[in-house]
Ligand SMILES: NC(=O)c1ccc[n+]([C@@H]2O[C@H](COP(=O)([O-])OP(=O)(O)OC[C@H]3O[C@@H](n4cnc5c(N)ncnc54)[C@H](OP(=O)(O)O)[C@@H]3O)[C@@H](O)[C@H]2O)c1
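There is one chain below, alone, in structure tokens, taken in the form predicted on its own.
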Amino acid sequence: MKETILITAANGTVGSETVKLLAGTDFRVRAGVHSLIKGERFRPLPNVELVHLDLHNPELLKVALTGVTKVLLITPFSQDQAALGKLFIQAAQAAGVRHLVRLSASGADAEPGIQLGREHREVEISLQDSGIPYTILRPAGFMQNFLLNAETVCNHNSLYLPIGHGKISYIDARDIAAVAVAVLTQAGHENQIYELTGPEAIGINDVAHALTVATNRVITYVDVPENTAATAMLQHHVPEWMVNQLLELYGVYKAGYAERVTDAVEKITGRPPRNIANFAQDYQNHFQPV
């Protein structure tokens, strides 16, 4: 009988890529989605089933975890993500989960760290104390987050960010998913913490150059003041708590604290991680004016 792997936040950036990579393997995949309608795209995939999952709802957690032996736990970027993570771990204990892979974040163990990192660390500690065999993945910033800047790239040929000349070891979410699949399907990764990065630390000017080459248009980086960035986010109805956490994160980037590069992706998956040029080429259509 095939083992069942539950992927939470399966409609998200890393979750969706993980589901696609696991489809057709020797495992059953249970894609946990908040919206069954949005999860319809997974139905044609072999060995994939959909389950309605709301981390706030203990009954839905119990149903989603029934018969599950392994989990990739991804929590939403929300004010209560630490509480939701701990609630899920308790439910996983009760369900007898035998391996839980947690998508955390780079810098989660920094002291005193930033709010986002401290929340991820809370969940890590809860998992480590749970007795469930675990693997913690701490990825650097996602290349796919630049898709949030696609509108200004398309309309103004510009990337607007308050990061100065800080360098970040950005990672492609597809490589995070590849690591998650390897960790979930192969033995020997239990009770390990992996720091995941791309192949090099790059600045936003490097990102702009990669988009310039991929789109055949000159894309420039505009380093905006923090207060300008905050005002723009608030005008786009980003909640104030999220604005504050993002500005903290940008401050870490600007100060050069996100430059560390590791070889974990290649060691675990057997191939080097994608670079920013690969990302820009593969997603070029998102950055082209309609």
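Note that the coordinates shown come from a computational prediction; the quantities given were computed from them, not determined experimentally. Numbering starts at 1 and follows the sequence shown.
The same protein also has a form predicted in complex with the named molecule, omitted here; what follows describes it.
Among the candidates K62, R43, R260, H56, the residue which, in the model of the complex, approaches the named molecule to within 4.5 Å (heavy atoms): So the residue touching the named molecule in the model of the complex, by this definition, is H56.
Of the residues V207, I74, V179, L100, which one places a heavy atom within 4.5 Å of the named molecule in the model of the complex? In short, I74.
In terms of non-hydrogen atoms within 4.5 angstroms, which of the given stretches 30 to 38, 261 to 269, 217 to 225, 230 to 238 touches the named molecule in the model of the complex? Heavy atoms within 4.5 Å of the named molecule in the model of the complex occur in 30 to 38.
Even though the named molecule is not shown here, does T13 get within 4.5 Å of it in the model of the complex, heavy atoms only? T13 belongs to the contact set for the named molecule.
Y194 versus the named molecule, in the model of the complex: is there a non-hydrogen atom within 4.5 Å? Heavy-atom contact with the named molecule at 4.5 Å: absent for Y194.
Looking at the partner-bound form in the model of the complex, is A105 within 4.5 Å of the named molecule by any heavy atom? Yes.
Can you tell me whether Y160 touches the named molecule? I mean in the model of the complex, with a 4.5 angstroms heavy atom cut-off. Looking in the model of the complex, residue contacts with the named molecule do not include Y160, since no heavy atom lies within 4.5 Å.
Which of the residues spanning 195 to 229 lie within 4.5 Å of the named molecule in the model of the complex, based on heavy atoms? Going through 195 to 229 in order - heavy atoms within 4.5 Å of the named molecule in the model of the complex - there are no hits.
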